[in-house]
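We begin with a single chain expressed as C-alpha cells, specifically the form predicted on its own.
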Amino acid sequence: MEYVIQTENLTKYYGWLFWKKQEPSLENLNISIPKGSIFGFLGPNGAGKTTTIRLLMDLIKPSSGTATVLGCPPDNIEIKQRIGFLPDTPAFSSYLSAYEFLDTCAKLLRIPSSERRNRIEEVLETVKMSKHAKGKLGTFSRGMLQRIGIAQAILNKPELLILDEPLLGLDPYGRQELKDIILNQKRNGTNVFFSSHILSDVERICDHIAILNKGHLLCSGKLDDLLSAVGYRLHIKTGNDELAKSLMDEASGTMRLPDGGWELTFSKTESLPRLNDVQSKNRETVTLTPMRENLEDFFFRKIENDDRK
C-alpha cells in the first residue's frame, strides 16, 4: 500500500433539490497521502476540511467521487480497528472519570482485558494526564478534555491517526507536547492526518500538506517542494574576511557573527551560479543554504490569489 488515503473527485453537496439550491462543501477533491507521512490539512473556516474528514470516517456519504482509507472504502468496518480518530467537537460523558471513559473506549476497540489497564495507563502518561485518571470529565478544562480525546485516539495503536483541529484549546506547553506525540507516533510507524489553523506548528512537524479554499483544492504535495526558495544564505567561517568583502556588493544583507565569521544573504536567484562557484572552491570554509518562503506567507498568498478569481 503506497498511499494511506486517496480521494478521486470526492464531492459533497448540502441542500435539497427542488426547494433549495445545492451548495458544494467539497468539490472534486483529489489527494494522495503517502505512507509514512504527517499530513497537514489546511484552509480557512468553511473550506471543507471537516467535511472531508467526516467523509473519510464514513460519518457522512459523498454526493459523488470515491475515497480509500488504508486501501479500503471508508465504510469498511474492519479498518475502523486500524484508525485513531479525534473529531473537531468531541463529546464526553461528564459523570465518567478519565480512566472509566478510556476503559469504555478500550472495550469498544476490543482490546483484551489482560492488556487494557496497561494500555490505558500508557496513553494517560503519553498525554500527561496520569494524575487526573480518577477525575471526572465534567470538571476538566477544554485543554484537559482535548488531551483525553487524543488519548482515546491512540489507544488502539492505530496505523492511521486522523485528528480534526487537535491543537485547539491547548496552551503553548500543551501544543508542544502534542507535536511531540505526533512525531513519536510517526516514529512508531503511525501515519498522521490532521487539520489545523496553527500554521507555524504545521510547518514544524508536517512533511506533506494540502490547502483547501471554498471546497476546492488549491495545492497538495511535499512541503519542501511547495515552499519556494526566496533567496540564499552564505555562511563564511572566521578568517575569510576578504572573501566576504568581495561578495558584499551582491548581498542583500550582511552580518558579522560572534565567532568572527560572516553570514551573507542573497535575495536574487540569479546570484546562485556565482554562489555555487564560491562554495565549490571553498568547501571547508563556506556553507550555502536556501532560504524558503514560510508556510504562513505561502498559505495567505494562495488564499488571496484564489479569492481574487
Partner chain sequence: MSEIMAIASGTWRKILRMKVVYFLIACVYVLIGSAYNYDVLSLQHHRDLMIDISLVLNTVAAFIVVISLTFDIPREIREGVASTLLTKPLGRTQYVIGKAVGTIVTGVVICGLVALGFFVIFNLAFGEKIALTMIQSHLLVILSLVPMTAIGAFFAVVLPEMIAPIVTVVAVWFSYSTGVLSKASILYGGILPDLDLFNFKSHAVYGGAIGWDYIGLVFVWGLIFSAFAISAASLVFNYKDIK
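Positions refer to the first chain, counted from 1. Bear in mind the structure is a predicted one, so any value in this text is a computation, not a measurement.
Below: the form predicted in complex with the partner chain, not depicted.
- Contact with the partner chain, judged by heavy atoms within 4.5 Å in the predicted bound form, is confined among 124 to 132, 177 to 185, 85 to 93, 203 to 211 to 85 to 93.
- For the options C105, I120, I236, L217, the residue carrying a heavy atom within 4.5 angstroms of the partner chain in the predicted bound form is C105.
- With the partner omitted from this view, the residue of H197, K80, K222, K157 that lies near the partner chain in the predicted bound form is K80 [heavy atom within 4.5 Å].
- The partner chain is not drawn, but in the predicted bound form it has no heavy atom within 4.5 Å of R142.
- Contact annotation for L272: none of its heavy atoms lies within 4.5 Å of the partner chain in the predicted bound form.
- V230 falls outside the set of residues with a heavy atom inside 4.5 Å of the partner chain in the predicted bound form.
- Proximity of D58 to the partner chain in the predicted bound form falls within the 4.5 Å heavy atom cutoff.
- For the three marked residues, T11, K49 and L70, no heavy atom of any sits within 4.5 Å of the partner chain in the predicted bound form.
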